[in-house]
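First, one chain by itself: the form predicted on its own, in structure tokens.
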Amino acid sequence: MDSKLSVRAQKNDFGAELTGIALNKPLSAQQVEEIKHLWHRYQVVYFPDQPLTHPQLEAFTLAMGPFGHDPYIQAIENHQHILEIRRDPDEAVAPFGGSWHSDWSFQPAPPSATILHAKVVPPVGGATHYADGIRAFEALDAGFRDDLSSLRAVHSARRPYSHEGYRLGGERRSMKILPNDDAWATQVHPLIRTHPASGRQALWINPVYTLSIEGLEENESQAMLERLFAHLLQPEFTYRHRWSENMLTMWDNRSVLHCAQGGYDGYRRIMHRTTVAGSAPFHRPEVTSLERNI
């Protein structure tokens, strides 16, 4: 019989450490379901002390679901679904992912999960911050939530991944970024997103990829986004995650924003990243009691 995972939750049940399982071995159906259940509940789950080869990282990812599509970044040779997130000691450029975002929200069906495996962890700095879009939404005034319910936001990859945006971000030597004019395309998603597994509602916008709110004048749109970003990124909704070598962390891209922190100049930091395919975002406020029971 499968051993039960041990859970140590962070404050507000946002983020949890899971132990008692070896991810370098095939997972049973029961173990997969337990991990998914805890992931939906805590949104960010992490497994310390999990040394993994590339094939083992790929196998764990596939246990969670099909691979997502990861554009604009060169993958590891012979492993097209693993990205190496790397910053070498002598690089002056800002950390990759150093602004608040939800991975690939400009896609028609952004990834459901992002998985990050720590290979080289600097002795200082290098934390990742996460923001809880669910609690941020629930903390809004009920009338304001209703006002937001019908709004849709415009997302695009143009800021970091168009040729113009990439030049502004600075040259990276340790990672190969592949800017493309396709980054100018836009995708419209609901501003409030219903989680397809739990039915919970999340404020689902981010400062990197969300350009505007559909149907609003530019100044009105920007004022609304700034107000919502300021609310969403308050300390009470965020969690600072500290890494250790061989730790694997998986977060729910459908309700969580994240931001890579610096503070490790002069040291190397290497992470390997995969994504799990997701579905088109939707908003359905009528949620049954069964859907809420996760």
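A quick note: this is a predicted structure, and the numbers were derived from the prediction, not measured. We number the residues from 1 along the sequence you see.
Keep in mind the form predicted together with succinic acid (SIN) is missing from the figure; the text below concerns it.
- Each of 101, 258 and 273 places at least one heavy atom within 4.5 Å of succinic acid (SIN) in the predicted bound form.
- Of the heavy atoms in residue 165, none are within 4.5 Å of succinic acid (SIN) in the predicted bound form.
- When succinic acid (SIN) is considered in the predicted bound form, residue 85 lines it closely, a heavy atom lying within 4.5 Å.
- Under a 4.5 angstroms non-hydrogen atom cutoff, succinic acid (SIN) in the predicted bound form lacks residue 196 among its neighbouring residues.
- In the predicted bound form, at least one heavy atom of residue 116 sits within 4.5 Å of a heavy atom of succinic acid (SIN).
- The contact with succinic acid (SIN) in the predicted bound form, taken as any heavy atom within 4.5 Å, belongs to 97 out of 179, 122, 207, 97.
- The contact residue chosen from 201, 156, 112, 128 relative to succinic acid (SIN) in the predicted bound form is 128, the criterion being a non-hydrogen atom within 4.5 angstroms.
- Comment: 265-273 is the region of 26-34, 56-64, 265-273, 228-236 lying near succinic acid (SIN) in the predicted bound form, near meaning a non-hydrogen atom within 4.5 Å.
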